[in-house]
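Coming up is one lone chain in structure tokens, specifically the form predicted on its own.
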Amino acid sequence: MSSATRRPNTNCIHSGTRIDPAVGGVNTPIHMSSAYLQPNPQAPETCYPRYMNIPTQQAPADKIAALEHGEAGLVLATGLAAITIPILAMMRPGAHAVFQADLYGGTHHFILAEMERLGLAYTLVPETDPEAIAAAVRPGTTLVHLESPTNPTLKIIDLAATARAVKETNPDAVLCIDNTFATPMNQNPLDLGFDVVMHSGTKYLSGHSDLNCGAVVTSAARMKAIRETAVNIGTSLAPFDSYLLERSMKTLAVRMERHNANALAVAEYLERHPKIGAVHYPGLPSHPGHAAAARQMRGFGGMVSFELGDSPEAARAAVQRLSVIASAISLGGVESTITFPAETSHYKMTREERLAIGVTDTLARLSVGIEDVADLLEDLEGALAAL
């Protein structure tokens, strides 16, 4: 049975695995060598880890490709590398790109700090409407880069409609999406007309807050240029980290089931709470993108953001009272964490830029873990009582 016919839970466990026939272990061996015999008739493609062609690196790459229904996968040293490498690989000086304005702060800072310096033109689109995104596309537009759900306000873009609108405007534009928040368990953008899918594997793919990595999935033809740029820049994932990533993805499906269920329960609780302002979670019927999310997602993810308190001081005092939920940067781990994006993921943006995309000084981003949800709700209740 091939990965194309297997179901997601099975692909999480079996796709990509390289069994060593000499030993017979069911896990991919960790190949820690940085020097390999040449010529090597048993493994002619294996030569050097920077080229990302040793079995330990290829195993998680093949696994994420199977989960995203793509032809080729690549794992890299960081999530930001997974976003920037395809951009650098596909664009040439004078080319134009369209970016959603409401992006992860690290991506936004890369655009502002590096694109113009490299001779690359771009347009930031504040709307999530497919027609508004397509309207920014020009004849010379090389790529369009989006997120859905967005970090941290969880806006939803109708991906199928956007893909149609962009391709009708410019069939050559490459559609890229950061699928970190959704994960391949909840959403497969390649099936909806997108060309390249990126992940910060540091988050849900690894899922245990102990690994930095990124992943890219696309067609075999397009991956050639992306891989070449990655090799030239030197962003390969180390063998032991590659092993950790493959091992972690084996439980991705079961982890996401709990993340999805817990986050929905937390979002419903927060929406009812009299001391909480706006709650952003696409699984809530009140969310403006709920209908689109229900069409293109199988689950609504583990991220919830909400307005906490009437001042930054009150919001931070409430967070300090939490005991189960940790105040920590990053997301997607088995443990619940909370942070204020204005101070962390989006701190390099000006306050005006943050407010324009809904990142206020009191917006809290909660990564809902896989703990017992009753404990999470009790923890939140105790902290909110102090407001």
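For every residue, the number given is its place in the sequence shown, counted from 1. Keep in mind the model is a prediction, meaning the values are calculated, not measured.
Separately, the form predicted in complex with a small molecule exists; it is not shown, and the next lines address it.
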- [ ] Can you check 216-224, 128-136, 72-80, 285-293 and let me know which stretch has heavy atoms within 4.5 Å of the small molecule in the predicted complex?
- [x] 72-80
Task: Answer option from Leu331, Ala342, Ala66, Ala59, heavy atom within 4.5 Å of the small molecule in the predicted complex - done: Leu331
Open item on the list: So the small molecule isn't shown here. In the predicted complex, which residue out of Thr229, Asn212, Asn262, Asn170 has a non-hydrogen atom within 4.5 Å of it?
Closed with: Asn212
Task: Partner proximity in the predicted complex: Lys203 to the small molecule, non-hydrogen atom cutoff 4.5 Å - done: yes
Open item on the list: With a cut-off of 4.5 Å between heavy atoms, is Asn151 one of the residues that contacts the small molecule in the predicted complex?
Closed with: yes
Open item on the list: Since only the chain is shown here, I'm wondering whether Phe99 would be in contact with the small molecule in the predicted complex (any heavy atom pair within 4.5 Å).
Closed with: no
Task: Thr180: touches the small molecule in the predicted complex, heavy atom cutoff 4.5 angstroms - done: yes
